[in-house]
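One chain comes next, on its own, written as structure tokens: the form predicted on its own.
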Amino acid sequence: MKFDAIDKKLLQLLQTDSKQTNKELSNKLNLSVTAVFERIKKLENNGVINKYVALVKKEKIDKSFVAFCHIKLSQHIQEYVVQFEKDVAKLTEVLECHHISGDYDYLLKVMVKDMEAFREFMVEKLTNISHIGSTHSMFVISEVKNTTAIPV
């Protein structure tokens, strides 16, 4: 799908605040409300806009401890990869799981209440997943940048 300047601006505006009304967007884009509605529908129908979500402030729900975990599988064979991915997808503490290149096979972003909750997650959940050869965890000291907006 090709994007013109208005599509790009519309995507930027929606990524900043998706609760804006079509009327508010139309004023910012100098378009009619109908034109804005049609452009949004086109972006949704083409899968460019995947879904609308509320971004929750982690400190307000007592989940401010963030860790990144490198995972190395004991063997990198299809059966182990498929099973690991299925198992890790069930862990609510894991916000992101990326299959990566390099010394480790996966990078997980984990969010829990505190260090004690992280230890509990590691001991009771993560290490119970089959075929994990080793892990290496790093803890966030401070968040410098965190955005969900993708430049267009």
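Worth saying up front: this structure is predicted, and the values here are computed from it rather than measured. Throughout, we count residues from 1 along the sequence that is shown.
The next section is about a form of this same protein that is not shown, the form predicted together with another copy of the chain.
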Residue-level question: is K42 within 4.5 Å of another copy of the chain in the model of the complex, judged on heavy atoms?
no
Taking another copy of the chain as it sits in the model of the complex, is E85 in contact with it (heavy atom to heavy atom, 4.5 Å or less)?
yes
Going by a heavy atom distance of 4.5 Å, is F37 a contact of another copy of the chain in the model of the complex?
no
When the contact criterion is heavy atoms within 4.5 Å, does I129 count as touching another copy of the chain in the model of the complex?
no
Sequence-ordered list of residues in 122 to 152 near another copy of the chain in the model of the complex, where near means a heavy atom within 4.5 Å:
M138, F139, V140, I141, S142, E143, V144, K145, N146, T147, T148, A149, I150, P151, V152
